[in-house]
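The same protein chain appears twice below, in two forms, each given on its own as C-alpha cells and labelled structure 1 and structure 2.
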Structure 1
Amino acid sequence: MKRRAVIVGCGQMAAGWVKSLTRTGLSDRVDICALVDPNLDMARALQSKFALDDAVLSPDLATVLTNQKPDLVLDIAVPAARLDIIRVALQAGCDVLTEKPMAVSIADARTINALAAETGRTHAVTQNRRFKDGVRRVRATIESGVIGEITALHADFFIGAHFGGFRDVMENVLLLDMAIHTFDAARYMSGEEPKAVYCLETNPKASWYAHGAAATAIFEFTNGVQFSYRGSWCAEGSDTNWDAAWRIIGTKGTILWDGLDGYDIHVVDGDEGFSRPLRSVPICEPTDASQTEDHTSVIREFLDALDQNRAPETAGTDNIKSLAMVFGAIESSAKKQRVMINP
C-alpha cells in the first residue's frame, strides 16, 4: 500500500528524512503530497532540492489535511509545536511519525499517547540511534547470554560541539537535546526499564553554552541493573563517538564498545586464581540487518507496523519511558536528590 504523507517542518533535519523517503527504496511506499512550514521559502527550498514538484506547499497543516486527505503526517517541526501538530494530525485520522523529543514535557507526552489511543491512530518517535549497527549487535550479544545476566551499563559521552544557534542559549542543553539517545540505547540494549535517578547537571568553566552542557547521572533500572551516564558537550581534546563509549557488565563477562566498530568482549573461562582466566568472544551479528540503517530503518519499521497492524518499536507508549529519564535527570539535578521515574 502506498501512503500519502505530509511533511511538517522543512528545516535542516527534513532533508535527511526526504533523502530516506526518496532514495532508499521507500519511494514505492510513500508519496510526499505536501510540505508545510510557516516559512514557505524553506518549503520551496526543500521542494527544489528533491524535485518534489507535485507536493503542495502551505503554511497551515489543518488546511492541507482537509484538502489533501493524507494518510501520514511526518512531524519534523520544532519541539514547542509538537503537541499541536500531533493533535491536529491524529484527530484528522492520520498516523504520525515525529522527530524526537516526543514532547517538551511528560504531561504533553501523556496527552499525545492518550490522543493516539482515543483516535485509534498510530504515533511513533524517530529514535533513530537505536537503529544503528552497533546498538543492534550489542543487544544481540546480550540476548545470546554469553556474558550472563546484565548487572550494569556505563556510558561516556564527551564531545566538544560548537553548534552555534539555538543550542547555545537553551537550558539543559545536553540532557534535553542529546542524552535521550544514550538513555534510550541503554533501555534497548539491556531490555530493562528505569525506576529512579540521581543526577548532577553542570555548566563547566569555559563552556560556550548558556546552561547545562554537562551531566553525570546514575539510573536504577529494573532487576537491580545500574546505568551510569557521564556526558559533556564542551569537553575538548578527546571526543568519544556520538553513540558514546560503553562498558556493559554481566555475571559472566564484559562488553566494551567504542560506539563505532570497536568491540572487546571477554568472559570468565575458569574458576581458579585471584583474577579468573578470560576468553575472548566475538560480537554477535544483528538479528536483522535492515534495522541498522538509522532514519531509513525507523521509517521502514513504522510503515511495516502500519501494514501489520501492530505497534511500532518506537511507539510513543514506549518512547515516553526514555523521555521520562531525561526529565527525571533534570528534576533530580534541580532538587539535588534521587527522583523516581514515572512515565
Structure 2
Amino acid sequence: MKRRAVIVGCGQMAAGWVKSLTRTGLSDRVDICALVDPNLDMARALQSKFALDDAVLSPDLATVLTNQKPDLVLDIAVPAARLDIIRVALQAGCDVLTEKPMAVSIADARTINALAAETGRTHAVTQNRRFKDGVRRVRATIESGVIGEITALHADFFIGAHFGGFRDVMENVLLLDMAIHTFDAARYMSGEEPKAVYCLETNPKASWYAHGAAATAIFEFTNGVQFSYRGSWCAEGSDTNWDAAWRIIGTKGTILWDGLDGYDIHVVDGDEGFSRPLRSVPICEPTDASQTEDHTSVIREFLDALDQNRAPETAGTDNIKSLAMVFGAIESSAKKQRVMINP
C-alpha cells in the first residue's frame, strides 16, 4: 500500500528524511503530498532541492489535513511545536512519525500517548541512533552472553558542536536534544530499564549555548545495572563519535566500543593470577542489515508496523522511557538529589 504523507517542518533534518523517503524501497511506499512550514521559504527550498513538484506548500497543517486527507504526518519541526502538530495530526486520523525528542516535557509525552490511544492511531519517534550497525552488534554480543551478565555501561560523549539555530537558545540542550540518543542506546543495548538517576547539568564557562551544554549522570537500571554518562556539546578538542564511546562490563568480561567500528572485547579465560588471563572475542555480526540504516530503517520499521498492524519498535509508549531518563536527569540536577524515574 502506498501512503500519502505530509512533511511538517522543512529545515535541515527534513532534507535527510526526504533523501531516505525518495530512496528505492521507500519511494514506492510513500508519496510526499505536502510540505508544511510557517516559513514558506523553507518549504520552497526543500521542494526545489528534491524536485517535489507535486507537493502542496502551506504554512498551516490543519488546512493541509482537511484538503489533502493524508495517511501520515511526518513531524520534523522544532521540538517546541511537537505536541500541537501531533495533536492535530492524530485527531485528523493520521498515523504520526515524529523526530526526537518525543516531547518537551513528560506531561506532553503522556498527553501524546493518550491521544494516540484515544484516536487508535500509531505514533512513533525517530530514535534513529539505535538503528546503527554498532548499537545492534553490541546488543547482540551482550545477548549472546559472552561477557556474562551485564553489570555496568559507561558512555562518554564530547563534541564541540557549533550549530547555530534553535539549539543555541534551547533549555537543557544536551540532555534533551542529544543525550536522549545515548540514553535510549543504553536501554536498548542492555535490555534493562531505568529506575533512578543522579545528575549534574551545567553550562560550562565559554559555552556558546544558552543552557545545559554539559551533563554528568549516574542511572540505576533494573537488575542492579549501572549506567554512567559524561557528556558535553561545548568540549573543544578530541571529539568522541556521535554515538559516544562505551565501556560495557559484564560478569565475565568487557566490551569497549568507540562508537564507530572499533571494538575491543576481552573475557576471562582462567581462574588464577592477580589479573586473570583474558582472551579476545569478536563482536557479533549484525543480524539484519535492514535495521542498520539510521533514518531509513526507522521509517521502514514504522511502515512495516503499520502494514502488520503492530506497534513500531520506537512507539511513543516505549520511547517515553528514554525521555523519562532525560527529565529525571534534569530534575535531579535542579533539585541536587537522586530522583526516581517515572515514565
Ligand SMILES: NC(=O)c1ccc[n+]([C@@H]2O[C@H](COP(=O)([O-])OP(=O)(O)OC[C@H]3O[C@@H](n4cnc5c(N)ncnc54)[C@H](O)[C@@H]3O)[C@@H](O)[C@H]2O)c1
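Between two forms, the rigid core is the largest collection of C-alphas that superpose within 1.5 Å. Worth saying up front: this structure is predicted, and the values here are computed from it rather than measured. Every residue number counts along structure 1's sequence, beginning with 1.
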| query | finding |
| --- | --- |
| Number assigned to the form predicted in complex with the ligand in this pair | 2 |
| Yes/no, Ser207 Cα shift of 2 Å or more between structures 1 and 2 with rigid core fixed | yes |
